[in-house]
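So this first bit is one chain, no partners, the form predicted on its own, shown in structure tokens.
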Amino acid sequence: MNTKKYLLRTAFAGSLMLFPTLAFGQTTNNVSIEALLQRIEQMEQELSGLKAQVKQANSKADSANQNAAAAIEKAETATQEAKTAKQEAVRTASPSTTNNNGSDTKWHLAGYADAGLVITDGDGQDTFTSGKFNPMFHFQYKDLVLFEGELEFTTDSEGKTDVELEYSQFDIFLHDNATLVVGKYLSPVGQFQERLHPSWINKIQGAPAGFAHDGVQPANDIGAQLRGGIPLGSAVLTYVLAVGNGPRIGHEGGIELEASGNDDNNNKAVTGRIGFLPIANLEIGASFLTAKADGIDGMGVFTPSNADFFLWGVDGAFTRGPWDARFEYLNGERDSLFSAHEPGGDVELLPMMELEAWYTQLAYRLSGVTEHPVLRNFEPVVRYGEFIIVGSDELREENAQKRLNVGLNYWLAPSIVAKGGVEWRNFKVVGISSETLYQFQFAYGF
């Protein structure tokens, strides 16, 4: 029964019980009219207090009901937002999981872009770098084949736009532990070219000495490779074995380690790398490349007209929490041969050439020591390396050097970084002055 109604009925019944006494007598044996009136007044006060308590209780109940309704509404809203966020995450990870016609084709667009500023104290000019734009395309059909390709758009010194095909390859999934790759692919030798060269991943603006153009690390090749990973208990063994067109002799007598559309001989380059991960955060790798490079068709007059080229290297990486530590070492040797700077030009004997490059790098995110919303996004980085060239004075004069980089990065987002740093270059050729570069870059991976 409702509390309020019960109290009212009780008070009314009490009044009725007093009514005969008031109507038929002025007094009773022990109770006077004045005492009865006082009792009625007391009961009215008690009834008023009970009404107030009932009203307060009803008010609290209404408030509790409103709070409960609000909580239910918030819970329903949070549930809907969670569903929407999950759908958005799935859509972002695979923008077109299934086409409108119900096919099993998936596609994805990624890439990166950057822009920067370089200030030098040497003979060069201070300049804003136009940066580059590298879109990457991925198209997959079921679990059978994936096509991936990358273009690079840059602006040259004359203001013209250069377009290069970084890689264009088909990944054919043969097994959980084996993938066949055909087309133009990034070289699997070492780590930098295949994994670290995008500007938003590279901790320092620019490549280490010897790991860029005219360096010892191959950039890419055209051919086929078999690659995969094999679990070994809690460890993992990765492998790559590739056959491609291979290197050529460069205009300055060096070795060109970039992909060519057509091979200039019938000898193919064989490349391989083995990586071992004893734990998830540590990898140790070893690489090699063996090939023959053609000089000229001597027809028995000029010998040797081709040269063996052999490259080997080791690398390692430790990435855990805020730590990122890496090193790479490469050593390449090309035998002597006769060559010409251009078809029909003067023939010269190129002596044996040896290329050696290495670097070590350490970076640390301050999120490992502070949770401050600004300080935790800073990342100091230092890198030191060396490029040694024997057998080509022209290449040695331009490229042989010791290089030290010290930088400070600020991560605005997991794939958006602003970099600032200083690079000291100490050239190995007498007469070429050392130089200092002040570098700034903004890079975005998407």
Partner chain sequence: MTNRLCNNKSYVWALATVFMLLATPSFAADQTSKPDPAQTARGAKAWAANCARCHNMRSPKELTDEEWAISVTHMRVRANLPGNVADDIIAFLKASN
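Residue numbers count along the first chain shown, from 1. What you see is a predicted model; the values in this text were computed from it and never measured.
The form predicted together with the partner chain exists for this protein as well; it is not shown, and the discussion that follows is about that form.
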Is Trp358 one of the residues lying within 4.5 Å of the partner chain in the predicted complex, judged by heavy atom distances? no
Wondering, does Pro231 line up within 4.5 Å of the partner chain in the predicted complex on heavy atoms? yes
Closest heavy atom of Phe327 to the partner chain in the predicted complex, within 4.5 Å or not? no
Test of understanding: in the predicted complex, would Tyr384 fall inside 4.5 Å of the partner chain by heavy atoms? no
Which of Leu144, Val369, Leu349, Leu375 has a heavy atom within 4.5 Å of the partner chain in the predicted complex? Leu144
Find the only residue in Tyr239, Phe338, Tyr364, Phe133 having a heavy atom within 4.5 Å of the partner chain in the predicted complex. Tyr239
Just to confirm the contact call: exactly one of 208 to 216, 249 to 257, 123 to 131, 222 to 230 touches the partner chain in the predicted complex at a 4.5 Å heavy atom cutoff, so which is it? 222 to 230
Just give me the residues of 174 to 200, first to last, that have a heavy atom within 4.5 Å of the partner chain in the predicted complex. Leu174, His175, Asp176, Asn177, Ala178, Thr179, Leu180, Val181, Leu186, Glu194, Arg195, Leu196, Trp200
